[in-house]
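To begin, one chain is listed below as structure tokens, in the form predicted alone.
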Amino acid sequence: MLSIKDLAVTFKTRKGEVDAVRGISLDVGKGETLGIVGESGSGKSVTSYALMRILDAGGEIRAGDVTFGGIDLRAASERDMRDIRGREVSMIFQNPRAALNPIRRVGHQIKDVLIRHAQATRQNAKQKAIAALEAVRVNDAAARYDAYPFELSGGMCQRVVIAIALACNPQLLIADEPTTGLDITTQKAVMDLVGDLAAARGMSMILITHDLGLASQYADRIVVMKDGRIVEDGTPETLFTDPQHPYTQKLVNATPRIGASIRSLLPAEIRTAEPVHKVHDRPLLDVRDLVKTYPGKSGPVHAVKGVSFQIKAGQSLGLVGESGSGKSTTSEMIVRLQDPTSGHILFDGQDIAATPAARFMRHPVRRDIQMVFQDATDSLNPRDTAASAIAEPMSRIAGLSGAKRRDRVAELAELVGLPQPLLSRFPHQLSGGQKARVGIARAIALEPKLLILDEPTAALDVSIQAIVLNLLVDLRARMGMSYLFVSHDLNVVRLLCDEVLVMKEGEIVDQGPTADVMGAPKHPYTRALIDAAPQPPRPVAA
């Protein structure tokens, strides 16, 4: 179906040319699903953009052949490529909201594709667009046809993008990180849907991901990319049980899974003994009957419904659930970014819920509760250097300035493993892992007693995630902090948390020690979450 031979892609930059893809060769058979895995910058997405001929202005295919169904895609005219894209080869992009036009109804966007590729007339395009939504299992497709992207959830937007990609029954589907940012059950639903549709239509697929567990579950064959080259190629079972290349071994070991320990995710040469955490009997945080209600068009929306739990001093508590379960709303009320409708938040014996969020900045315990946000990029001011970002809470809350503040910034950077030369850089000049370290350094600058972590590693490569998770383990032991770890990745929660709470539709449906909840869940919803988590084959030696 697809043959790539010696493909080389370069990009022109201010500092000269950069080789993004360096002579790779791969084939995709009819009906086959090929997984392409690797970390950010490995060349995965560039390879797909090159074969679709949608590289950025600075990108150029320097060498190689790309043949699809006997057609030389490098030699094809742009007019021919416009016909091929969407009709013969289609793509699901990484960010579904960015891929959709925000001011155009989703049904009309599907209709555009059908009419452009002569798959429908203006008279029957709406009917076929609704049928495309029904094919990807969108409930009440006729009503969703007139919805705008902002009116749909992330998972629903992803289904619309899939409907657009599959509307013309392409022979090859390229899925570029199709589940990034989706909760675990939505991820499984989306991947099962794509897999079922591909099988039913005899369609070939390229699955691009940095999640080896996901690739092992849905791909027939996997190629591993590093620095623009393919370093290994094999079946999922072979790559996980007997990886040959050191880079593949590193990725496999860094993938969280049942049976792994937090230290086993790190390369053997930098592993140390896992620290002992001291958990005290006294509760640091005591949440009682917490309620959050929002006004809605058809009545009040109950986001959090009478939630109660405790976090002991020195304890790490996991909070898991799907999107919309109330996890983030609960954490934002605790850190006092939102006011609860009712309930109590006792922190060190003080009811901080009584202080409005707008005035909480001046509360004496404000410095003791800090948060690491999910998106490290969005949580940093693009106009501030890394040093300024880390220094901000010291200036605004503690009143530090001058040499004391500079020394503290340098100390924190060393503590989180951020090289000193990077402190003068702006967020766009830092990698995802480096920005995550800046966010953690800023959050611990005032030595808080409670650190709330909202999906802090969700967008990171597995090897960077392993380093950040181990950093959090070390910081907790060294500083005696308590953690509220909000996540939908049960494999990470299993490694990092002493106890876990499971939320569904604003309520806690399961709770207890992590091993008990994960090993013998009491609620069917918890079992559904566990079953939805991709579990890669266990390597021979971690």
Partner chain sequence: MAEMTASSSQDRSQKGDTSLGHIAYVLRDNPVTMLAFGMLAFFLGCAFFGPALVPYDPLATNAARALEPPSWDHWFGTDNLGRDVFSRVIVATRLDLTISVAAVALSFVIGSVLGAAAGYWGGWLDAVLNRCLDTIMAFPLFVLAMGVLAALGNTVENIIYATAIINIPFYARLVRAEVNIRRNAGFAQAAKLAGNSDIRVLAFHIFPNALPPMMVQVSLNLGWAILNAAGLSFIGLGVRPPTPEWGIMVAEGANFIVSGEWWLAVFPGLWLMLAVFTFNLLGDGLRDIVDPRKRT
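Positions refer to the first chain, counted from 1. These figures come from a predicted structure and were not determined experimentally.
FYI, the form predicted together with its partner chain isn't displayed, but the following is about it.
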Answer key, its partner chain contact in the model of the complex at 4.5 Å (heavy atoms) among A142, I397, A135, A147: the residue is I397
Which pick from D339, D220, E392, D227 sits with a heavy atom within 4.5 Å of its partner chain in the model of the complex?
E392
Under a 4.5 Å heavy atom criterion, is T121 part of the interface with its partner chain in the model of the complex?
no
Given that the partner is absent here, does F309 sit within 4.5 Å of its partner chain in the model of the complex, heavy atoms only?
no
Taking heavy atoms only, is D289 within 4.5 angstroms of its partner chain in the model of the complex?
no
Does at least one non-hydrogen atom of D384 fall within 4.5 angstroms of its partner chain in the model of the complex?
yes
Which is the contacting stretch out of 205-213, 231-239, 405-413, 187-195, given heavy atoms within 4.5 Å of its partner chain in the model of the complex?
405-413
Neighbours of its partner chain in the model of the complex among 423-447 [non-hydrogen atom within 4.5 angstroms]:
S424, F426, H428, Q429, R442
